[in-house]
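Here you get one chain, nothing else, as structure tokens; it is the form predicted on its own.
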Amino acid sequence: MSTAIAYQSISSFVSHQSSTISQSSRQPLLLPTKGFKINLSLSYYTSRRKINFSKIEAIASQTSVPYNTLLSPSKNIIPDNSHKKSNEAALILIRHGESLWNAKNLFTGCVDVPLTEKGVEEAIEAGKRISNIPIDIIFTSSLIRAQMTAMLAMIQHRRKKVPIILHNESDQAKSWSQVFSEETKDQSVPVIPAWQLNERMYGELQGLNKQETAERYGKQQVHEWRRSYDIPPPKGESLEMCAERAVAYFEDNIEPKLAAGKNVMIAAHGNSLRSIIMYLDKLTCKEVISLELSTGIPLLYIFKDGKFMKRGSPVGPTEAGVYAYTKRLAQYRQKLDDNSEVLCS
């Protein structure tokens, strides 16, 4: 009963934090509306709009269609009324572990390179930190370093559900990857790759050494390419352009899942996650350029009543209080503990 006790002990703190947050009205981030193309034939979302939470929730409550016809979303341990939409969900953000090009100090961007041994360890440690938080669906970029991070993290989860990448790129891919056992589906977590969550494209800098590039073009110029909001590197994307696609995808595909009560993990990259955090925390263009995300460190948000509440990084599975941010998470953790005791007895 350690988690239940921890929940009671900090419930007043949580209530104070939640009430403070709810007093401020949440205004969505308005991103630029101009369209653009770069010469690698990448095209991006060009329209922005204010999110209508009441519309999302109405749609979520009226539909019974699963995420994907190939794989059912995982079921929560906590019994839910299937006819009712939950007004609370967990959102976990993880920047991928160290990649081989991170280690070599190279501009990586959209080049698809795997994790280093250190990156693998970071992904495993991230998994331990979120092993008691419910996860119903995972979104990753299309790049292997983000997908490796998601898979390695899920191996550490106490539910022991299997992450399965959904292949929707063609009718044949959908047909060939179907799962026909309902029991197996229930013990799986769907993983949806999306190029919109990719790292920003660094154009002609990709593959170059960062220090050598600074010596060649000047530290100030390289600093502008890396840290400004609206200045892209040659034939690449600015953070503004990356945010345009990443936030649009989040609004259209991820936020409705949260509004429907589904717990979501996103494994992606420094700049695509900075873009999403800019939207969640209502950061300004100046504030987001100073935001730094460590590799392999998960961040937890609670989505409740149309608002995102930032909860920081879970410190580890042995810290019961970390999972008592809400009564629902505390109950989930307690159920995991109870099930473990039954299995060990």
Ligand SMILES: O=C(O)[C@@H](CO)OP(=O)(O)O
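Start at 1 and count along the sequence shown; that's the residue number. Worth saying up front: this structure is predicted, and the values here are computed from it rather than measured.
Although it is not shown, the form predicted in complex with the named molecule is what the next lines describe.
Peer 1: Please state whether every one of the three residues Arg129, Phe139 and Val189 places a non-hydrogen atom within 4.5 angstroms of the named molecule in the predicted bound form.
Peer 2: Checked in the predicted bound form: no contact with the named molecule for any of the three.
Peer 1: So the named molecule isn't shown here. In the predicted bound form, which residue out of Pro233, Gly109, Gly261, Pro193 has a non-hydrogen atom within 4.5 Å of it?
Peer 2: Contact residue from the list: Gly109.
Peer 1: Just give me the single entry in Lys174, Lys161, Lys185, Lys210 that has a non-hydrogen atom within 4.5 angstroms of the named molecule in the predicted bound form.
Peer 2: Comparing distances to the named molecule in the predicted bound form, the residue within 4.5 Å is Lys210.
Peer 1: Among 120 to 128, 249 to 257, 175 to 183, 221 to 229, which stretch has residues whose heavy atoms lie within 4.5 Å of the named molecule in the predicted bound form?
Peer 2: Correct option: 221 to 229.
Peer 1: Against the named molecule in the predicted bound form, would Asn198 count as a contact residue? Criterion: heavy atoms within 4.5 Å.
Peer 2: Although the named molecule is absent here, Asn198 would stay clear of it in the predicted bound form, with no heavy atoms inside 4.5 Å.
Peer 1: Classify Gln147 as contacting or not contacting the named molecule in the predicted bound form by the rule of any non-hydrogen atom within 4.5 angstroms, answering yes or no.
Peer 2: Contact with the named molecule, no.
Peer 1: Taking the shortest heavy atom distance, is Asn102 within 4.5 Å of the named molecule in the predicted bound form?
Peer 2: Taking the distances in the predicted bound form, the answer for Asn102 is yes, it comes within 4.5 Å of the named molecule.
Peer 1: Taking the named molecule in the predicted bound form, which residues of 243 to 271 have any heavy atom within 4.5 Å of it?
Peer 2: Only a single residue, Asn271, comes within 4.5 Å of the partner.
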